[in-house]
Structures are given as C-alpha cells and as structure tokens.
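This document starts with one chain, in the form predicted alone, laid out as structure tokens.
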C-alpha cells in the first residue's frame, strides 16, 4: 500500500529545487503576450534538443514508457517539421551527470514533475494557439490518463531509494543540475523570457 506521507527524499527535493523551479517557470514564455505558434514550435524544438540526449543517458534507469522524445517528435511533425528537420535539430551537450541510481532519480524528479504542469499548459495552448493532442500539443499531456499513476509510481520509487545521506545529496544535486542545465539550454536556444 503506497504511503501518503512524503518521503524524506521527496521533501528534500522539493525544498532544494524550489528556487530554481520558480526561476525557470518565470522565464518560460507560454503565457507571454507575444507567444504565438512560431514561438511554440521553437520552444518544442528546444525541448526536443534537451530531452533526446538526456533520455538516452537515462535509458538504464527508466523504462521506455516514460520517454517523451517520441511524443515531441510527433508534435514537431504535426507542426510542419520534416523528419530531416528533426534529425538536424541541435542537441544539448551540457547535461546533468547521471552516474548512478541516485543521480538518475534526481534527473527523473524534474522530468516526471514537469508532466504534472502539462495539464494546465495543454488547456492554455488549446485556447491560445488552437492546438491539441493531434496538432502539436501531445507533449503537454504526454502520459494522458496515466499521468497520476505514473507520478505515484515514481514517488514510490523515491520512497524506496537509499536513505544514506550521500545518495540523497546526489539525488538533490542532480535535480538542481537538471533545472540549471535545462534553463541554460533554453536560454542558449533563445526561447525564454
């Protein structure tokens, strides 16, 4: 039976990443006045450039059902990019280090947590840009009806993680590094506010 009390690791992750999460969220352009279909397409291209190499690095630690790159690819195709265009997209080289299960969990915390906010973005982009699951916004609801159960199973995995202080410190640092690398990449791609 899953616990309803947050694990010490989850509490440490929330507390330690709060500032970098808020800072990145404030710079994301989804609700900016000039945000249009072209800006959305550029943003998804940048997301692809971060997720594709990062998910390859995570492949030994998470199942293929949690890969978001295939959905990003479908969205980019729906937004009029060709497969050749997608293959030619720049990929982020400055990724958070994934050395072990502890660091993988920190990276996954950021990636899995972002799926929860997608629900709000999905509705907003439908209203603002007229896009939905079939026309370029599937990534915003990448797990669909499974979002809640996937998040709960990830929380269970966090709860079962090593309670040793060095492992927890590695998990927290990897989460912070993921936010930092992602924000730096999006800034480099010039898609942030």
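Numbering follows the first chain given and starts at 1. From a predicted model like this one, the values you see are computed outputs, not experimental measurements.
Note that the form predicted in complex with a small molecule isn't included here; everything after this is about it.
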| property | result |
| --- | --- |
| Heavy atom of residue 121 within 4.5 Å of the small molecule in the model of the complex | yes |
| Residue 185 within 4.5 Å of the small molecule in the model of the complex, heavy atoms | no |
| Partner contact for residue 73 in the model of the complex: the small molecule, 4.5 angstroms, heavy atom | no |
| Any non-hydrogen atom of residue 110 within 4.5 angstroms of the small molecule in the model of the complex | yes |
| Answer option from 52, 126, 28, 58, heavy atom within 4.5 Å of the small molecule in the model of the complex | 28 |
| Whether 21, 117 and 151 all lie within 4.5 angstroms of the small molecule in the model of the complex by heavy atom | yes |
| Residue stretch of 29-37, 65-73, 161-169, 128-136 approaching the small molecule in the model of the complex, non-hydrogen atom distance within 4.5 Å | 29-37 |
